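One chain follows as structure tokens, the form predicted on its own.
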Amino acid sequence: MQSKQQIEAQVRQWLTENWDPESNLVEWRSMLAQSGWGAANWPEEYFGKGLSAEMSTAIEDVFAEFGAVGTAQTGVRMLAAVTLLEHGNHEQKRQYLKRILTGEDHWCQLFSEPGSGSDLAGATTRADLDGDEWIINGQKVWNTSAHHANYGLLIARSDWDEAKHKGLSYFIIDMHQPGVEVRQLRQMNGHASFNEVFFTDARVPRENIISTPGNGWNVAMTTLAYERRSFDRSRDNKRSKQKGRIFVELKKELDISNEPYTWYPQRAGRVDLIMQRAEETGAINDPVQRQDIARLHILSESAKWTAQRAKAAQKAGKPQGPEGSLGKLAASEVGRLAARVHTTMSVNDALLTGPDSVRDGVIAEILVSVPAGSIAGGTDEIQRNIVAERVLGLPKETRFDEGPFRNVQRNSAAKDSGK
């Protein structure tokens, strides 16, 4: 087994021989994927080196030393990658993983529905097998960047006579085919990050099911575990400011990938602005407001340290722990308290928008964006249930939705689709 120093030396040698900032971005990443250094912790047969997560982090540090661009990491594509690596078959991995690393394909997540938001197992979008194809009918909502996506990760109900968690299947669906309609949604903060997607007799080849029919719930748990663990992931584009053709192309990619997330700092509450605003408004001299400010910073720092522990565990290759749900809950609490502190300090001015408003409308945007943090990626109530039942081992709530799904009471539109 090679040492860390030997691996780093090999990476430096490879970069010395191949790195060129004037390269075409896709061509560079294609070469990087074939080398295995772009996703070194992936299996060797799937564009990796079979190395540990810790060793992969060391390789990333060498890339940073060179200022070299790595493989594509932004957007839902990495949710697709980890899901395929764990549950996909050989053909699916060979077909999709490379183009995920090169950034040629954009992906979206098609989980939530109008009638079953955080109740993923209550999905009523239906998948009916017709020969060698699945016919998809239904609606999804809150789908980030679906209007840019080439492919979607789709949960649909393939068996209405099974229990709700057992009748789901997980598909890869072509977003550009007939029968798929994507509509952007305008949010109250002025952004349009999300979409609703309608399926009308859309067709999915039989080979595009991930795992087996009826195992969609287990596959989805892999996707969601990674999503929650990366809830506070960075989306900066500092490297795009470097010189060279590859960085120009990288900036264009990041502008598209990061656009839906430009309001996410406001969703998190902008704790970084609290002390500045306290000085500007004089709130720093108010003993009551100082207590709220101190409490906010304590909570924020505690959440940051928990996230750092989770990242350290991930880099060490340890399995996902409770940090994902705990971090998600902490982010919601921080956001709500930050919004309250901002409101208390700015008073009526917090409601103003436009160029003459406080911080060019940023404070107002915080107030209308923070509630999304308690919903996106699973509501606070769902996260508390996960922590209570799976971490603390508390008794599960009484269920009223067992038995064949077609007999489970739900809204009339969803019930009709199961007939």
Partner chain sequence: MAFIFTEDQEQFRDSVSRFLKDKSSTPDVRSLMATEAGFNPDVWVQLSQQLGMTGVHMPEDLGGAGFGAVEMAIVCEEMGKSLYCGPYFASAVCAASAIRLAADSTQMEALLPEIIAGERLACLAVSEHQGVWSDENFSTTAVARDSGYLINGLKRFVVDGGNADLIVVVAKDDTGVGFYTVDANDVTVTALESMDPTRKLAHIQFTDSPAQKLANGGSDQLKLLLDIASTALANEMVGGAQTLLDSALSYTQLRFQFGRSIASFQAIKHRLADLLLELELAKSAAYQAAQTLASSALWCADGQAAHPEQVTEHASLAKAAASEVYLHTALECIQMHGGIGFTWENDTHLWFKRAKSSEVLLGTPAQHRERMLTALCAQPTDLKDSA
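If you superpose the two forms and keep the largest set of C-alpha atoms that fall within 1.5 Å, you have the rigid core. Residue numbers count along the first chain shown, from 1. Here the structure is a predicted model, which means the values were calculated and not measured.
Here the subject shifts to the form predicted in complex with its partner chain, a form of this protein not shown in this document.
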> Looking at the partner-bound form in the predicted bound form, is A64 within 4.5 Å of its partner chain by any heavy atom?
Replying inline: no
>> Considering non-hydrogen atoms and a 4.5 Å limit, does its partner chain approach D380 in the predicted bound form?
In response: yes
> Does K164 make contact with its partner chain in the predicted bound form, using a 4.5 Å heavy atom cut-off?
Replying inline: yes
> With the cut-off set at 4.5 Å between non-hydrogen atoms, does F247 touch its partner chain in the predicted bound form?
Replying inline: no
> 144 to 152, 330 to 338, 96 to 104, 252 to 260: which one contacts its partner chain in the predicted bound form at 4.5 Å, heavy atom to heavy atom?
Replying inline: 330 to 338
>> Within 4.5 Å, heavy atoms only, which of K243, R206, R295, H90 is in contact with its partner chain in the predicted bound form?
In response: R295
> Can you pick the one in P114, G179, G214, P265 that has a heavy atom within 4.5 Å of its partner chain in the predicted bound form?
Replying inline: P114
>> Within 4.5 Å of its partner chain in the predicted bound form - does that hold for a heavy atom of every one of P43, T74 and T223?
In response: no
>> Just to make sure I understand: among 365 to 397, which residues lie within 4.5 Å of its partner chain in the predicted bound form, judging by heavy atoms?
In response: L367, V368, P371, A372, S374, I375, A376, T379, D380, E381, I382, R384, N385, V387, A388, E389, V391, L392, G393, L394, P395, K396, E397
>> I want to check D201: does it shift between this form and the one not shown by 2 Å or more at the Cα, with the core superposed?
In response: no
> With the core lined up, does the C-alpha of Q177 move 2 Å or more between this form and the one not shown?
Replying inline: no
>> Given a superposition on the rigid core, I'd like a yes or no on whether D130 shifts its C-alpha by 2 Å or more between this form and the one not shown.
In response: no
